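In structure tokens, the next block holds one chain alone, the form predicted alone.
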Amino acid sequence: MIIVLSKDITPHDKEMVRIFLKDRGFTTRDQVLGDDAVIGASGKGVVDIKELGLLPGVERVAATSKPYELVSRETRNEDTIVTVGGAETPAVKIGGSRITVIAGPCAVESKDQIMETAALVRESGAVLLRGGAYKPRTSPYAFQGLGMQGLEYMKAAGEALGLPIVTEVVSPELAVQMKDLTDMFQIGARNMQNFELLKKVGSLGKPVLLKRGPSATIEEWLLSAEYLLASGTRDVVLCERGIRTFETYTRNTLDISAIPVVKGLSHLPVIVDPSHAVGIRAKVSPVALAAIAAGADGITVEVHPRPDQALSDGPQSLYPEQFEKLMRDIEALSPVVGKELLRTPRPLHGSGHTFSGADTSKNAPKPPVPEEQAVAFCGEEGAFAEQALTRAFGEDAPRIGVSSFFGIFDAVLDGTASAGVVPVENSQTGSIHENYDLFLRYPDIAIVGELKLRIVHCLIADERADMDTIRIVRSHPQGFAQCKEFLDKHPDWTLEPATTTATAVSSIARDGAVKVAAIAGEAAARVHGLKILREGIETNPLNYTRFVIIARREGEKAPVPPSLGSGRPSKASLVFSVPDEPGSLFACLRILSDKGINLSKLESRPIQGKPWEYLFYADVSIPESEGAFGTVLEELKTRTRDFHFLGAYRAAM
């Protein structure tokens, strides 16, 4: 049983809660669960939960049906997000809307080897560095690591390249020595039920990566995590790495069903180790992608510059080029499962990636800003735009909900928000022209990033409603358009447009309407406590909305989210008009073609106040040579009338 205490509980009231429980036959322990202070009560005592909940300073009581109380989702329904690093290296979050990739060699073999590997995996997008300084091996004659010297090499590599490190600890004594040299402890599969080690590591308070034992049940695995939380640490990440079965074609058998099972039972993040799961290099990437598809919050994978020379686990270690391809594949898969690949920002070349004829160092978007500056989006809590914001900036990003798309641009322009999230295109219904036109009305705003969000629409209603009671459906017009096939089956329903899909949902919750339903995302239903009558009602399941991140061109307030802005920009957006003469548009397109620049989008829009005259919106690729791209833009300006450079950014997969 878990007793969650109020934030302002007095020491006296806390002691009275302890006495109340002890008098009724319980043993108690103090614990922190996320942001909550709790008292854990165990034993064969008997208590009236309602009476316990009325004690001063008690916020709520969670009586779980599981033997793992602190780990259980019954105790904490929201997902835990574990933060690793943040002192000498950037803070990395595991869990939530991001997919986190940990990579590195099985073992630290030398200073040069770990430094080389760290540089390679970081370049491909890994955000944490793994490597064994102490290696428990089946054979006493196998390489067992360099010990503390290896850990020092690894720590230096992590600090040099901005990567927090995770390494295995094999004994309670070593845990104390290793505490200041690692950002995250790993409890290996062989030590999952080394309870003295679990208690010692948990008491040190650092994040822990807990691997499942080769013959452990899911309940045994979660009880080991309970040891860690009960001993003092707040941050535990569970790692499925395959279990031992009768199959011999792979090193282990990946229990992929454990991912959704554990995420249903526990609030802790779950990642997968595909390297140990299969033990065969060629099978690692397919298994890693399967884990992401099954809902894993990330992977930890072994990578070595020269696997054939590795002193440990060479046959399952990826070559750098294989890891690079895997990262690209994960990035492409991420939007399908509603997540974003977390990347570490890389050093940018020049000031804001300016291009001749496009921007200057004075008005170019600047690097990331402090996290406390807010990001604007259109809608209310639970809106698809808020989901896009979360994927771009993280769950903890401060945010401002505004009532219109104009409001996003205004908030960014006047400094109320440091950035904005704006939808510009849907894969089914096309461009959102209103927002494209806003870029011309706000010339001081630039595009600094983009992402694609999969849109899964639901029919949402009051708990008392059902399909037969519905008479009115509310949503944004885009929601109606994207669900046309479903709505056509219910011609008797009246469609009422709303400002956003989330606004449609909140109106039902506010009015308590039984005859009204809304078309929106599952998150909006959860936020407002409504039920889903039908899920996945969009006409085409390949339904994606493209969002862009906007920021001011001037000043120092132009954040580029790490997941969207790391690396050099690969895409740019332009707007231009051409003279009213034969071949003028063709001449512009030929400039791009002759320079090998891919045109991924071209769309015309009427110029307001000038009938039968048009602006052309274009998305183009940026070649490796930034100087060459600047030359192309200068040449385009000579062939166009009005020319606007909307921004350069890293293209979404």
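Numbering starts at 1 and runs along the sequence shown. All figures in this text were calculated on a predicted structure; none of them were measured in a lab.
Just so you know, the form predicted in complex with phosphoenolpyruvate (PEP) exists too; it's not on screen, but the next bit is about it.
Within 4.5 Å of phosphoenolpyruvate (PEP) in the predicted bound form, a heavy atom is found for none of 93, 179 and 235. Only one of 537-545, 143-151, 268-276, 442-450 places residue heavy atoms within 4.5 angstroms of phosphoenolpyruvate (PEP) in the predicted bound form, namely 268-276. For the residues 500, 186, 100, 117, the 4.5 Å heavy atom test against phosphoenolpyruvate (PEP) in the predicted bound form is passed only by 186. Residue-level contacts in the predicted bound form: of 197, 106, 291, 376, one residue has a heavy atom within 4.5 Å of phosphoenolpyruvate (PEP), and it is 106. Using a 4.5 angstroms threshold between heavy atoms, residue 474 stays clear of phosphoenolpyruvate (PEP) in the predicted bound form. At a distance threshold of 4.5 angstroms between non-hydrogen atoms, residue 304 is out of contact with phosphoenolpyruvate (PEP) in the predicted bound form. Phosphoenolpyruvate (PEP) in the predicted bound form comes within 4.5 Å of a heavy atom belonging to residue 135. Not displayed here, phosphoenolpyruvate (PEP) is kept clear of residue 457 by more than 4.5 Å at the level of heavy atoms in the predicted bound form. Scanning 209-247 for heavy atoms within 4.5 Å of phosphoenolpyruvate (PEP) in the predicted bound form gives 211, 241 in sequence order.
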